[in-house]
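Single chain ahead, written as structure tokens, the form predicted on its own.
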Amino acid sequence: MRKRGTLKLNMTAAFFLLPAFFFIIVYIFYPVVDVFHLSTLDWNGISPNKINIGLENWKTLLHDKYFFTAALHNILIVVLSIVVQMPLAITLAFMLDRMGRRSGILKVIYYLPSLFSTTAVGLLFSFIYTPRNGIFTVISKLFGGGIVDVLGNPHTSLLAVFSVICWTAVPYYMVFYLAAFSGLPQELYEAAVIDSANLRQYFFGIALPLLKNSIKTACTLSLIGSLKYFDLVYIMTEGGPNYSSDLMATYMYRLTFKSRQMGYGATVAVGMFLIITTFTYLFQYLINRNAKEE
């Protein structure tokens, strides 16, 4: 009877999971397999003639300096995101958590950038950074300078885009850490106060170590997101000027949908997938190994 009950329960669970498995196969597994197949073709995406060229696209990718430049830009954004966004988000969350109910309006104001459409944000900052009458040009002219083209300068375009990414991403992680701080027992803070600890000592000595798992999760999300950035960068610079702000996703998009190199674009997409998977696995391996050693 027990075996029959277990079998019936498993069959019922499988029945209810079938729709989910169907959508996972159709919208995740099949596209991944299909893009691997496309990477072996020479195809413009429209013509019925698909020429199988084997690994030629992969040979081209291994010598494509623009792809590796875009990959380096992605890695730079990963590093900057973890180094800049995480401390800012944790600091804001800690301040708001300590303010208690008085921080209600500040929470709303700080979180607003994450609610805006990425397209709207990209267009907004494109106007803010415009060389004719943008904010940097206005400041420059106040001090007797000339026009400042932030997005048109190869040395500043990527950092300009990253500043906008921070403006939209920090509030998201702020809420993430705020939820983590709110889960800490109030008794810990009260005990720290009784022991004459100040806020800095409580933050670094008690709160931060207890948020270790939350920080790992947030850094992993930031890592994956930074390697997939597309819309904001494409709206503001389209990867320019001269590939200076190009990312793997923007490079793949131009190859696939503008240059009509569907096969090679699929190869870049697969390369992007492999890089993201590898970096995520290595990151998880390193943080888990450190956790075991501790």
Partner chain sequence: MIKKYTVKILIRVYAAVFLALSLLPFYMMIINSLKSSQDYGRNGFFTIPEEIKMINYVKVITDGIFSYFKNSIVVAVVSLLILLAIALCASYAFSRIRLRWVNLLFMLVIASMTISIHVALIPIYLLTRRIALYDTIAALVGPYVAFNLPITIFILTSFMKEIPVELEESAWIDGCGHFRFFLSIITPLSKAGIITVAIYDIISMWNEFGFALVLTQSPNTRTLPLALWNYKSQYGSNVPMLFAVLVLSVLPMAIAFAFGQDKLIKGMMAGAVKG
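Heads up, when I say rigid core I mean the largest set of C-alphas that superpose within 1.5 Å between the two forms. Positions refer to the first chain, counted from 1. Fair warning: this is a prediction, and the values are worked out from it, not measured in the lab.
From this point on, the text means the form predicted in complex with the partner chain, which you will not see here.
No residue of the trio Asn52, Phe162 and Tyr243 has any heavy atom within 4.5 Å of the partner chain in the predicted complex. None of 188 to 196, 152 to 160, 74 to 82, 134 to 142 except one has non-hydrogen atoms within 4.5 angstroms of the partner chain in the predicted complex; the exception is 134 to 142. Though the partner is left out of this view, Trp58 does not reach within 4.5 Å of the partner chain in the predicted complex, counting heavy atoms only.
Residue contact check for Ala70: none of its heavy atoms lie within 4.5 Å of the partner chain in the predicted complex. By the criterion of a heavy atom within 4.5 Å, Glu238 is counted among the residues contacting the partner chain in the predicted complex. Residue contact with the partner chain in the predicted complex: Phe230 places a heavy atom within 4.5 Å of it. Contact with the partner chain in the predicted complex, judged by any heavy atom within 4.5 Å, is made by just one of Ile206, Ile147, Leu184, Val175: Val175. Residues are counted as partner-facing when one of their heavy atoms sits within 4.5 Å of the partner chain in the predicted complex; in 100 to 127 these are Leu106, Lys107, Val108, Ile109, Tyr110, Tyr111, Leu112, Pro113, Leu115, Phe116, Ser117, Thr118, Thr119, Ala120, Leu123, Leu124, Phe125, Phe127, in sequence order.
Once the cores line up, the CA of Thr278 ends up less than 2 angstroms apart between the shown form and the other one.
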